[in-house]
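Here you get one chain, nothing else, as structure tokens; it is the form predicted alone.
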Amino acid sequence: MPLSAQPPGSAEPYLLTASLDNARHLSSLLRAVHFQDHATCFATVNGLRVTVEDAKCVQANAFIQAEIFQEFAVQEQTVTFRINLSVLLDCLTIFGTSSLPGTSTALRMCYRGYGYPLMLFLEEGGVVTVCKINTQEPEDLLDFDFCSTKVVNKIILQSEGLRKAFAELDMTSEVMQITMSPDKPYFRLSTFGNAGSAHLDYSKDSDLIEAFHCNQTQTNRYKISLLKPSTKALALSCKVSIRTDAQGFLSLQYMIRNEDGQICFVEYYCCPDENITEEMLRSSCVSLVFTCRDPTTAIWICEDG
């Protein structure tokens, strides 16, 4: 294959070289974190991490392990650069977003170092396209410091359960409230929209929950506008790990299996919202159960007034 050869004009060593037989594996993961134009890329011997932030309130990370690539070589401990993610995605899909049966776009990616462009060599059907994307100096990113020792509550859920929540809860709400508790309601998602309050409960014994480790009751609210970008990763994933720390910071880690059965991860961090008052969320009157597809889950609607 043409891309297996060293790219032309490579007298100087590249700090990063990576090859994929199918560029779609990379582009689908990058689309899952594409809610801002620019991203910061970190390459180590373990693989590639692509980080996107918005307003210092939400951060998304796509992790592509070195084993996913047919070739992955890094000449320094960490190679870091900032890039226009929209342009990168356009280049990765230059032959189209879907390929004919039995065909795929091969990719070789090279980066020489600070001040140099990221070079992409893409080949499909014997046609090779070379793209050079200007890189920028990386900016400082938030460190959510979400180590396991600081996690207060953790639930591993089949993604089907969270997709159901986003589909059935009222997305006209400004916030989503998440309750995690060792006691009832165990795991509750709530919204406060134009029609009233909606609550979706999961029992810790639900078939959708694979692991339940809750040490204390926590109720935190998060802006839905910050959570919505994560639905791109949710749509691709098979499992999601939901974690909170003592300050209420939220981690959503999505396990994504590509077409070849390989596992990658996309993680979202989100700050809790402290500016929503109880009066804005309060609704009274009776709760009505309107659906219960799984006997271990239920939804209520509380009408205002």
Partner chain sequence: MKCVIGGAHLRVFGRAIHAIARISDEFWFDPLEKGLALRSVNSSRSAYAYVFFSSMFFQHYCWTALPQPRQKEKQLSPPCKVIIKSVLPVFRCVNVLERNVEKCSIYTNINDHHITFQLLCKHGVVKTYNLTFQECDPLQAVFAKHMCPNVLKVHSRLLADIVIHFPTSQEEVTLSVTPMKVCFKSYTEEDTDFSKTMLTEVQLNPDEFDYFQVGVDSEVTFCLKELRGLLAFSEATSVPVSIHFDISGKPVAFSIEDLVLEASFILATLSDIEKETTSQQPPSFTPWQESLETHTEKAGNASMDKDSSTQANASKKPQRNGKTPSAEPAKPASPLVKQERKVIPGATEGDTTGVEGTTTAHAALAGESHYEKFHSLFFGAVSCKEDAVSHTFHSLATASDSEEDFGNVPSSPVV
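None of the values given here were measured: they were computed from a predicted structure. Positions refer to the first chain, counted from 1.
What comes next is about the form predicted in complex with its partner chain, which is not displayed.
Student: Want to guess which of 106-114, 223-231, 120-128, 206-214 is within 4.5 Å of its partner chain in the predicted bound form, heavy atoms only?
Tutor: This holds for exactly one stretch, 206-214.
Student: Which pick from V151, A195, L89, V79 sits with a heavy atom within 4.5 Å of its partner chain in the predicted bound form?
Tutor: Selected residue: A195.
Student: Check V175 for me: does it contact its partner chain in the predicted bound form (non-hydrogen atoms, 4.5 angstroms)?
Tutor: No, no contact at 4.5 Å.
Student: Indicate whether its partner chain has at least one heavy atom within 4.5 Å of a heavy atom of L200 in the predicted bound form.
Tutor: The answer is yes: L200 has a heavy atom within 4.5 Å of its partner chain.
Student: Does the 4.5 Å heavy atom contact test between R163 and its partner chain in the predicted bound form come out positive?
Tutor: No.
Student: Relative to its partner chain in the predicted bound form, which residues of 107-136 have a heavy atom no more than 4.5 Å away?
Tutor: Residues within 4.5 Å: none in this stretch.
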